[in-house]
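The chain below stands alone and is given as C-alpha cells, in the form predicted on its own.
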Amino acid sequence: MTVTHLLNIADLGVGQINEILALSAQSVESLNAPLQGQGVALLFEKPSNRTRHSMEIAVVQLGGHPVYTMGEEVGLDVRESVEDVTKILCGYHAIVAARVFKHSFVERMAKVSTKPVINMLSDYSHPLQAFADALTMTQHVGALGDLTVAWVGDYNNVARSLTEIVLISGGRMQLGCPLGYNASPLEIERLKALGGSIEQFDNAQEAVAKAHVVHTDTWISMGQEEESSKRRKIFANFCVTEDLMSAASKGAKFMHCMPAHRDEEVSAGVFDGAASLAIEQGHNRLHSARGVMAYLKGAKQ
C-alpha cells in the first residue's frame, strides 16, 4: 500500500498543491469529517503556538481526536528509536505529525509508517507554513503563478518551503540574504528545476524590486540564541522597513510567519501597518492544516 506523506513541498506536484489549497478554502462542513472517530498523533520536540493550536483545532474540525505529546515524553532515539515510536503510533492514529529538530527524523518516520506522516517543522523545511503562506497570497494578492515574491533575511527552512511552493506554482522568487546565510549555488540549481523563476541577491533593496509580496522571518530561530549578537550585526541591513516596502510594487503586501520581533527583522510600522497580512497568515495555519489532513485522508474538493 502506498502511503502519501507531507515532508517537503518539493515532493508535490502543482496539481497536488492546488488540490490542498482548494480543500483549505472549503468549509468545515463540506469536508464531511474524514477523521471521524480517529486519532492524530502530534509529537513536538520543539514547542509552538501556531502549530499546536492550528493542528489540534483542525483535527477536531475534521472529526478526529488530537493527542499532543512533548518530545521528552517520547525521547526519540534516546528512550526509543524513531522507528519504534512511529510503528507504535501507527497502531493508534490515522496520521502521525512531528515537529522535530532533525529532518532525518521525519524521513525515517515516513520509511516505516503505515499512516501519513506530516512534517510540522524540521531544520530543513516547514511545509505547513508554506501552505498557509500560499493560501494567504492567493486570497489577498493573486494566483501564485502571477506573483513576484520576495524573501528578505536568512535562507532557512521557512524560506525553502515558501520558495518551493511559489516556483512549483510557476511564480517568481527573489531572495535577499546576507552572504553566508543565503542559498548555495547547488540549492539554487535544485530550485530552478522546480519551475517558475528565481534570482538571489545579497541586498534587500534588489530583492524586493517589483515584488507583490515581501516575506521575512526572525533572524534568530529556536536553537540559535548563542548567535544573537552576531546575527543582529550581519542582518542589520535586512530589516523590512517602510522605505524598503516602498521599493516593492505599488500596493505590495507584507508577510511574516511569526513570532515577530518589531524593529528587528521588521519595523513596527510595517508589521502593524495596512500592508501587513501577518495575522491573516497566522489564522490560515488552521485552514491549511485542515486542508492538508483532509487531502491525506482522501477528501476531494
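Numbers for residues come from their place in the sequence shown, where the first is 1. Note that the coordinates shown come from a computational prediction; the quantities given were computed from them, not determined experimentally.
A second form of this protein, the form predicted together with phosphoric acid mono(formamide)ester, is not displayed here; the remarks below concern that form.
Visitor: In the predicted complex, does each of H5, H93 and K297 have a heavy atom within 4.5 Å of phosphoric acid mono(formamide)ester?
Guide: No: no residue has a heavy atom within 4.5 Å of the partner.
Visitor: Select from the listed residues N49, N237, S30, Q36 the one whose heavy atoms reach within 4.5 Å of phosphoric acid mono(formamide)ester in the predicted complex.
Guide: Contact residue from the list: N49.
Visitor: With phosphoric acid mono(formamide)ester left out of view, which of V60, A247, M258, A252 would have a heavy atom within 4.5 Å of it in the predicted complex?
Guide: Looking at the other structure, the residue within range turns out to be M258.
Visitor: Against phosphoric acid mono(formamide)ester in the predicted complex, would R99 count as a contact residue? Criterion: heavy atoms within 4.5 Å.
Guide: So R99 counts as contacting phosphoric acid mono(formamide)ester.
Visitor: Going by a heavy atom distance of 4.5 Å, is Q129 a contact of phosphoric acid mono(formamide)ester in the predicted complex?
Guide: Yes, contact at 4.5 Å.
Visitor: Name the stretch, out of 238 to 246, 265 to 273, 63 to 71, 50 to 58, where some heavy atom lies within 4.5 Å of phosphoric acid mono(formamide)ester in the predicted complex.
Guide: Of the options given, it is 50 to 58.
Visitor: For the stretch 265 to 301, I need every residue with any heavy atom inside 4.5 Å of phosphoric acid mono(formamide)ester in the predicted complex, listed N to C.
Guide: Stretch hits: a single one, R285.
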